[in-house]
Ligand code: UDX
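In C-alpha cells, the next block holds one chain alone, the form predicted on its own.
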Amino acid sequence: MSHHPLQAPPPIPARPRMTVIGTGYLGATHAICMATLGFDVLGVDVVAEKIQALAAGRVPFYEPGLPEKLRQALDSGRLRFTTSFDEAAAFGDVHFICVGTPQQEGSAAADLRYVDAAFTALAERIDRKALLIGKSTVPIGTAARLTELVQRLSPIGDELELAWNPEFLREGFAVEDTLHPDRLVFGVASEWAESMLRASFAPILEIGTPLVVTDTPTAELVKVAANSFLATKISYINAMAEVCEATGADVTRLAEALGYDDRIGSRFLKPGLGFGGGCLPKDIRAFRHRAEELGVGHAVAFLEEVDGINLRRRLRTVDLVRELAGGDLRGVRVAALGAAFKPDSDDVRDAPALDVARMLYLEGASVVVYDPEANANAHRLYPDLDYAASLAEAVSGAGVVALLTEWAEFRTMDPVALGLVVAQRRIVDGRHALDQDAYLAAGWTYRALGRPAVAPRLAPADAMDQQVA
C-alpha cells in the first residue's frame, strides 16, 4: 500500500537520523565520520564481535586517523552500534547500505547476497517513509532490481524509496576522502530522495564539494568506470615497462616524461608490481561480466588485458628475484618487505606483495615476510610463510631483498646499514620506491621492473678492502 497521491511527503529533517548497515572498511568509516559532522548515527552489523569492538572504541582494521575520530564520535554521544535490524528500522530516516560485494566463487560476477540481505531486512521492518541509500559497488541495474524488491516487501510499499551514492575512498586516506571528497554523486528517482541526500551531506556540500545528481544506473556506473580507468592507467605504464625491458629503456624516466603532459598527468602513472586490494581487481572483472550480460562486452573487452598485464607484473617480479639468486630459488632466504596491497593499510585482499611471496615460497625459497601493519592478516591467509616482527629480523641473512609494498619504513632504509646485515646485497625494488644510485653506490645489485640492469658500484669499504688485499 502507499500514501494517497495528494498526501504531502513528510518534511525533510535538517539533520536526518542515519543508520549505516555493514561496519567493515567503508561502513565503519562512514558511520564514524558522519557522527563527527553532527549527525545521530547507528552502526549495524550481523557480526557481534565487530560491533563490540567499535562500541568499545577499537577500529577492527588499520586506517590512519580513524581511531581518534571513533573516540570523538563515541564521546559526543552521537554514535551507537547494534546488531538489531528492528532498532535500525525504527531509528533511521536514511539508511546507508555499505556491505561488501566480493567476487563470486568460480565467477567474475559480483556476489550480491549481502546487499540483497541488507535491503530485504530493512524493507520488511520499515513502517514510515524512509530512504535506503546504497553505497556498495554493484553491477548496473542493481538499484532498479532492488527498488522493485523493497517496495514489494515493505509494509509502506512505494513510500520506501531507494537511491545510490557511490563511495570513492582510498585506503590510507579514508577519513579525508569522507569529510573532504573530490565529488559527491547522488543517483535518485525523486526530488524527495535528492532533498534527503542533500540534507544528509549538508556539511560536506557547504564546503563547496562538487555534486553530480543523476539517475541510479549512472551513479552505479561512476564507481566501476572510475576504477576501470585507474586500473587501465596503471596497467598502461606497466605495459610500457614490458617494452622497456625488451629494449633497455628506463620506464621511470618514461613515466616522468609522460607525466608532464597535463592531458595525461603523473598520478597513477607509476610503474611497478601493479594494483590489488578489495576493489580494483574485483570491480573490473565484475564490470566486464555485467557488460557481457548486457550485450556490450566488446566495449570493455580491453579490461581483460588490463587485468592480464597486472597479473604478469607479479610473475615478472618473481623472475627478477630468481635471476638475482642465480637462477634457482631453492633454499635462498628472501626478505619479502610488505604484505598489504598498498602502504598505510592492513588489507591483504588480492595483494600483489603477498602473491609474490607465495610464488617465491612455491619455488623453494625460504621467504620471510615483514609488513608494519598487515602481518596478522597475511598470516591468516598464508600460514606457511614465515613472518618477522621487525625489518631488521626480516633482512638478517637474506640472500635477496624484495621490496613489495612501499611503506615509508622501507623507502627510507639506509642501503649501507642494510648491506651489513644481509648475506648478499641483492635487491628487487618492486615499487620503484628506492634510490637506485644510493643502492648501487653501497655495493648492491639493484633490479626493478622496466629498468635496465646496472652493475653495482663498489662501496668505499669494498674499495678499501681491495686496496688492502
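Predicted, not measured: the structure shown is a model, and the values here were computed from it. Just count from 1 along the sequence shown to find any residue number.
Absent from the display: the form predicted in complex with this ligand. The rest refers to it.
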| item | value |
| --- | --- |
| Proximity to this ligand in the predicted bound form (heavy atom, within 4.5 Å), stretch among 95 to 103, 227 to 235, 289 to 297, 149 to 157 | 227 to 235 |
| Whether Gly27, Ala118 and Glu124 all lie within 4.5 angstroms of this ligand in the predicted bound form by heavy atom | no |
| Among the candidates Leu169, Leu179, Ala388, Ala239, the residue which, in the predicted bound form, approaches this ligand to within 4.5 Å (heavy atoms) | Leu169 |
| Single option in Leu269, Leu221, Leu112, Val185 placed near this ligand in the predicted bound form, where near means a heavy atom within 4.5 Å | Leu269 |
| Contact of Gly276 with this ligand in the predicted bound form (heavy atom, 4.5 Å) | yes |
| 4.5 angstroms heavy atom contact with this ligand in the predicted bound form for Arg431 | yes |
| Distance check, Lys342 to this ligand in the predicted bound form, heavy atom within 4.5 Å | yes |
| Exercise: Leu329 in contact with this ligand in the predicted bound form, heavy atom 4.5 Å | no |
